[in-house]
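One chain is shown next in structure tokens, namely the form predicted on its own.
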Amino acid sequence: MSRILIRGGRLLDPASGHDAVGDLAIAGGRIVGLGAPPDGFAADRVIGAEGCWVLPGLIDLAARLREPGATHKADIASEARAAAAAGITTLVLPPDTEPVLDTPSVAELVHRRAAAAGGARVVPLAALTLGLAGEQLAPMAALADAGCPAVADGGRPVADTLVLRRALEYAATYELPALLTPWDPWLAAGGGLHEGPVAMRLGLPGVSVAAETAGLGRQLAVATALGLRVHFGRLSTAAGAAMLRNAHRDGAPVTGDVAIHQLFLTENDAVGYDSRFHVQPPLRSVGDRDALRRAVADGTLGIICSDHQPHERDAKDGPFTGTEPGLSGIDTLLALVLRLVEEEAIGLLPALAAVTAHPAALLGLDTGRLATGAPADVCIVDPQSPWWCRAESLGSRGRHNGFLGWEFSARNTHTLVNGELVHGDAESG
């Protein structure tokens, strides 16, 4: 492995609060010097980072890659390379693949394809139940041994609450965090947009706030009664965030995340029936969006993810609710997190923690930080490099990004994974 010196950048580490200009030295795939290289360090490559920010590589807690099972939409190689170009060094893959990620062989396939891709790492999550059918528990110990650091329902909540309890207890015996989807599929059936005046005006079936709070309430009741470590993914409502905040106040060891598009887009973005804005959970009201921002700022929602869901063009053609839900998000995750900082919704280090240190802590990863001895998963960002988000400039095979036409002020220039340059020009600087 190369010895690399990143010279003269602003080193930002949200895990420790470190914020100072200096050098970052890398050898053997790990960080060996923070601020200055160790004595005798001789670099094979030097990357000039003067005027740039040097950050831990982003960890995206929810990114569908469509492989195995739906490679006509995207695949691990395409999305891992796109993520690396966007400053993401770890993609966390939910288990709703085809076949479902409920056997070690599927996990091993994902690891092999990711290693061959040469882009971002891919960390698979194990299914909570076999086939995500909500009936029999998955072989969690074997899946953990195969490199799955957590279990998840993959967006298919376990309907039988007793099975859910047993699954959470089983996961806890292996100290595996459980990632759940706070969603009642029966209350949400057929809907595509927040239940409110916009959906009514457009003639679209709405999804009530209760579709989230009913699901969250049932899962919270089980988790808090047993004192289990549970994480709730992709909250979308003010009411859901308030429920999680109250659970924190009661001392429950539960956490939550939000998709980045929910912090910018609302039901009003769908007035043109643009299917890019057909997502699940649906885009909510302005009040919900503002409450979610406050929940990120006060730490109730400690993690921000892309909820990346690439689709082929045909999947997004047709009447709004007839299209497949989900938008493409990995290309703009970092840019939007920095936009939150520009809009003073949250400070720079807390914002970066939501996409680095916090997801690392949830999954027990040793990445997500700039520290001597840590794996060298690093990105370099030029904060004064404006760019326009256009379909032709996206790295993902999914072109239905929700922010096409937006201008962003910062651009990722280099990405290193495990000390290897996977994006950018090593000879620059």
Partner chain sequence: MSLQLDADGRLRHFLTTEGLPRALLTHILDTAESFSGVIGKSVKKVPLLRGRTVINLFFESSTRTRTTFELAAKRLSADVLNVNVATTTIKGESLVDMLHNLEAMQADMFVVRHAESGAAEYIARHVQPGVAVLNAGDGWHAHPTQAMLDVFTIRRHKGAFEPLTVSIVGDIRHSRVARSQIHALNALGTGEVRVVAPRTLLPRDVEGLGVRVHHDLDSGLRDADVVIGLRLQRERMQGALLPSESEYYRRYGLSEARLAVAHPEAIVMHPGPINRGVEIDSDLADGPRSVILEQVTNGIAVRMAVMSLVLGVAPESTPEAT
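A quick note: this is a predicted structure, and the numbers were derived from the prediction, not measured. Positions refer to the first chain, counted from 1.
Just so it is clear, the following notes concern the form predicted together with its partner chain, a form of the same protein that is not shown.
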Choose one stretch from 281-289, 236-244, 128-136, 194-202: the one whose residues place a heavy atom within 4.5 angstroms of its partner chain in the model of the complex.
-> 194-202
Of Glu343, Asp317, Glu175, Asp250, which residue is found within 4.5 angstroms of its partner chain in the model of the complex when only non-hydrogen atoms are counted?
-> Asp317
Verify the contact flag for Tyr170: yes if a non-hydrogen atom of it lies within 4.5 Å of a non-hydrogen atom of its partner chain in the model of the complex, no if not.
-> no
Can you check whether Gly227 is within 4.5 Å of its partner chain in the model of the complex, heavy atom basis?
-> no
Does its partner chain come within 4.5 Å of any heavy atom of Arg313 in the model of the complex?
-> yes
4.5 Å heavy atom contact, Asn268 to its partner chain in the model of the complex = no
Can you tell me which residues in 258-280 come within 4.5 angstroms of its partner chain in the model of the complex, by heavy atoms?
-> Gly272, Tyr273
